[in-house]
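Take a look at this one chain, the form predicted alone, written out in structure tokens.
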């Protein structure tokens, strides 16, 4: 579904992505792990077309995205649901408009139908429909994440849900209990939608819950990738970088990127 080949991204002289290559099969859940400054969010922005790569290739469902026309990009992006790192809810819109935002891009959609979509998906992520007319500033961090997830999986006006989901640090800033709740909700949503999923995280608990496949991004390059089950076989001798990251060790070959 998504093939990334030799992707590079520079900001001036600062090389952030240095030859990233990934192959994500249809229906697969890939989790990309890595510390702060490793290039994870820039990679997501390149996939979404928010940043133009310096070189390389990104194909989504066999369509080349680098250099694609605005119409072609819009067609692909309309199939993508995105949960942003800090939820990125629209502060000036009530919750129902946030959740039904994709469907509301069709002007003919009635308010009652949009509210019904929002209500259904709030329930789906474990929230009460009494929040429909609330505003984002009235929500806790965990509830905001759930609303962001509801928006990511909500369908368009024709009832078609996204078949590609991207989650950028979905559990950042949450306590251990809420982290598990969000991870379980993501798994449930992915399973129900049969979506191809990319999750960006530094949280190994999320990796073990969400991933079919995992990849470690360090200083702009993929230095390890494999099946989730392969993580249990990693030792300091077989892959010191991954071992250090998995165990949260202060000492090792991984250096903190300022």
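Positions refer to the first chain, counted from 1. In this text the structure is predicted, and so the values were computed from the model without any measurement.
Keep in mind that the form predicted together with a small molecule is not shown, yet the notes after this line are about it.
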135, 139 and 173 each touching the small molecule in the predicted bound form (heavy atom, 4.5 Å): no
If we define contact as a non-hydrogen atom of the residue within 4.5 angstroms of the partner, is residue 36 a contact of the small molecule in the predicted bound form? yes
Residue 40: touches the small molecule in the predicted bound form, heavy atom cutoff 4.5 angstroms: yes
I'd like to know whether residue 16 contacts the small molecule in the predicted bound form, with contact meaning heavy atoms within 4.5 angstroms. yes
I'd like to know whether residue 169 contacts the small molecule in the predicted bound form, with contact meaning heavy atoms within 4.5 angstroms. yes
Out of 230, 212, 64, 51, which one falls within 4.5 Å of the small molecule in the predicted bound form, going by heavy atoms? 51
Under a 4.5 angstroms heavy atom criterion, identify the one residue in 143, 179, 85, 97 near the small molecule in the predicted bound form. 85
Among 41-49, 185-193, 204-212, 22-30, mark the stretch whose residues have heavy atoms within 4.5 Å of the small molecule in the predicted bound form. 41-49
